[in-house]
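Shown below, as structure tokens, is a lone chain in the form predicted alone; questions about how it binds or moves come after it.
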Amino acid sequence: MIIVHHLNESRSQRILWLLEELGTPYEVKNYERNAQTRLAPPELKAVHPLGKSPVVEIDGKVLGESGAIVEYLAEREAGGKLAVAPNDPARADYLYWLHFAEGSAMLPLLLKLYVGMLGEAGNTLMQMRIEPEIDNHLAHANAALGEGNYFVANRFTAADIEMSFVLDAAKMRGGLERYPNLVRARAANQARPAYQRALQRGGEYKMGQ
């Protein structure tokens, strides 16, 4: 049995989407952010020491970290249909985009959120470092897509699901509209039936708007 500890407006939305794409049965335990702080509730610490989402329980094993969850489930479930096999020529690109999402792309987007809370005190850092880094990462991803909608060998994989939160975060605070290939790929993602089913399971997801 797979249990997804799902926090609203968080990375765990893509775990629900992944499981819907795989057709894997799962349960959802819902948690709500604090309306003032936007932090996860303390109940999540009872599941995982970091108190963050996504966290999944897989046959009693507790696993955190988006990239680890997505990679593990994609390889384990549905015959690995959303993974790329080790002997496949596209394997290196698959691993790159699977881990680029959190290893590189999300950091400047998160910095923009936090430094933005400083107001004018953060303007120099925002203009000199954060905004250029956001553009650097999004322009790279935009160019990699080209005329396609998928990051790996022009086929839908778990890497596209992992990258989806980057596109959602960029839509909220990173100027996604400047990167037409990313806009197009995001729209294609959201049109998938499994994506829509995941929204029904997870509840309101404003970042997807």
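Position 1 is the first residue in the sequence shown; the rest follow in order. What you are looking at is a predicted structure, and each value in this text was computed from that prediction instead of being measured.
Just so it is clear, the following notes concern the form predicted together with a small molecule, a form of the same protein that is not shown.
S.K.: Of Val62, Met172, Ala153, Leu39, which residue is found within 4.5 angstroms of the small molecule in the model of the complex when only non-hydrogen atoms are counted?
M.R.: Comparing distances to the small molecule in the model of the complex, the residue within 4.5 Å is Leu39.
S.K.: Taking 4.5 Å between heavy atoms as the contact cutoff, choose which of Asp93, Glu133, Glu102, Glu75 touches the small molecule in the model of the complex.
M.R.: When the small molecule is considered in the model of the complex, the option within 4.5 Å is Glu102.
S.K.: Indicate whether the small molecule has at least one heavy atom within 4.5 Å of a heavy atom of Tyr26 in the model of the complex.
M.R.: Flag for Tyr26 set to no.
S.K.: Is Ser10 close to the small molecule in the model of the complex, meaning a heavy atom pair under 4.5 Å apart or at it?
M.R.: Although the small molecule is absent here, Ser10 would touch it in the model of the complex, with heavy atoms inside 4.5 Å.
S.K.: Mark Arg186 yes when one of its heavy atoms lies within 4.5 Å of a heavy atom of the small molecule in the model of the complex, and no otherwise.
M.R.: No - in the model of the complex, heavy atoms of Arg186 and the small molecule never come within 4.5 Å of each other.
S.K.: How about His48 - does it come within 4.5 Å of the small molecule in the model of the complex, if we only consider non-hydrogen atoms?
M.R.: Contact check for His48: no, nothing within 4.5 Å of the small molecule in the model of the complex.
S.K.: So which of 51 to 59, 153 to 161, 175 to 183, 140 to 148 is the stretch with heavy atoms within 4.5 Å of the small molecule in the model of the complex?
M.R.: Within 4.5 Å of the partner lies stretch 51 to 59.
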